[in-house]
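Starting off, we have a lone chain in the form predicted alone, written out as structure tokens.
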Amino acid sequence: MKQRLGYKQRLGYLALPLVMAAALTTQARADGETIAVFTKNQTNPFFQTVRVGADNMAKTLNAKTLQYIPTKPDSIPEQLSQIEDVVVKKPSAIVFTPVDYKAMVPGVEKINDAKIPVVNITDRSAGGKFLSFVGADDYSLGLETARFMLKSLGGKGNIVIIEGVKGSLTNVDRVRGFNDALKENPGAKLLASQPGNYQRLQALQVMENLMQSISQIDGVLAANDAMAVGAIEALDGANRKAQVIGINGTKEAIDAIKSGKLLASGDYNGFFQGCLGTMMAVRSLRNQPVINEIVLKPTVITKDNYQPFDQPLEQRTCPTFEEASKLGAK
């Protein structure tokens, strides 16, 4: 208050309209918004990176987050129930990852009916209205990580794929990329392609079963890092060796790359997805321009380039809007 009086005194009464205009602008951009952030589970480390990114950006913008996470991983009924709750609580905006891109459309329509602004991140919803979409190129991540592994194997060998959730868009696109890379390498043989539902323990069990029927496995293409780590645990338990790749660029994947257990991981950049989804939600509330679509380009993280990714989540920095504009440029 003292600062405003001093400012007015220096400028005189002619400056009063300017001061009032500034005050109105500040009011229009009032901070302290509540952003409800929906993720799919607490078991996949990727979604922790999304949540930390969202919290980081909210703190930077002087907003706050309210996290919605199903207690049962990827539970459709539970996420629908959480939507009922959020519609009643009516946060300023929502950053939404559907547990199922088709089944959650009625839930998104309820959010739309309640006129709560919503940004879609990670899994692109099959319906509903969104301010913006922030995600990554799943097909390219599958293609490039598989190409890297097959190159390390000399374009040949016995390969198995551990898929995510059957029917999910991320899984469909990543596995399509894996298969296209295999087609480029006729010396490689795909011996099995089974779901591990993006869960480490399920992937471990799938890998154990596959090793009982396949005497030689040279390469494992896992559709996410958690499953890649599960496959490595199964291989270690059986005292067997194979090249393994994952996708997401999580901390446990970086640690496994450093130790030589994991060949590579595709950077899905959940931290940026959380940052940018929250940024777009808040900017919309403050009547600032938003970017309609940001699809992050793939990076294959290996022992030769992991250093920039070997950083605690809490120490990472969200991109600026100008940087986000470049990321969203096609």
Partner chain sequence: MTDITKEAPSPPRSFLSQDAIQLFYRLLAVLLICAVLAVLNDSFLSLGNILNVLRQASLTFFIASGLTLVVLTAGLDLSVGANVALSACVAGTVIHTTGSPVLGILTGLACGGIVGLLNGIMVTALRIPSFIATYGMLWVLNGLTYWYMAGETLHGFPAGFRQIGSGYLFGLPIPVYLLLVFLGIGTLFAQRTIWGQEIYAIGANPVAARLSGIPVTRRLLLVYAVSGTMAGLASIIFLSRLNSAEADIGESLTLPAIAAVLIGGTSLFGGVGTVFGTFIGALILTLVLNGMNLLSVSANWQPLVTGIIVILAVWLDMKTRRRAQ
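Each form is matched to the other, and the largest set of C-alpha atoms that superpose within 1.5 Å is called the rigid core. Residue numbers count along the first chain shown, from 1. Since this is a predicted model, take the numbers as computed values, not measurements.
One more form of this protein should be noted, the form predicted in complex with the partner chain, which is absent from this view; the next part is about it.
For the marked spot (Asn158, Ser168 and Asp180), a heavy atom within 4.5 Å of the partner chain in the predicted complex is absent from each of the three residues.
In terms of contact with the partner chain in the predicted complex, the residue from Gln205, Gln82, Asn112, Gln243 that brings a heavy atom within 4.5 Å is Gln205. Distance criterion of 4.5 Å from any heavy atom to the partner chain in the predicted complex singles out Gln42 from the list Gln42, Thr34, Gln67, Ser284. The partner chain is not shown here, but in the predicted complex it comes within 4.5 Å of a heavy atom of Ser213. Under a 4.5 angstroms non-hydrogen atom cutoff, the partner chain in the predicted complex has Leu201 among its neighbouring residues. Gln48 belongs to the set of residues with a heavy atom inside 4.5 Å of the partner chain in the predicted complex. In the predicted complex, the partner chain lies farther than 4.5 Å from every heavy atom of Lys189.
Per the 4.5 Å heavy atom criterion, the partner chain in the predicted complex is contacted by stretch 72-80, the sole one of 91-99, 181-189, 116-124, 72-80. Relative to the superposed rigid core, the position of the CA of Val134 differs between the shown form and the other one by less than 2 Å. After superposition on the rigid core, the Cα of Lys261 moves by 2 Å or more between the shown form and the other one. The rigid-core alignment places the CA of Lys166 2 Å or more apart between the shown form and the other one.
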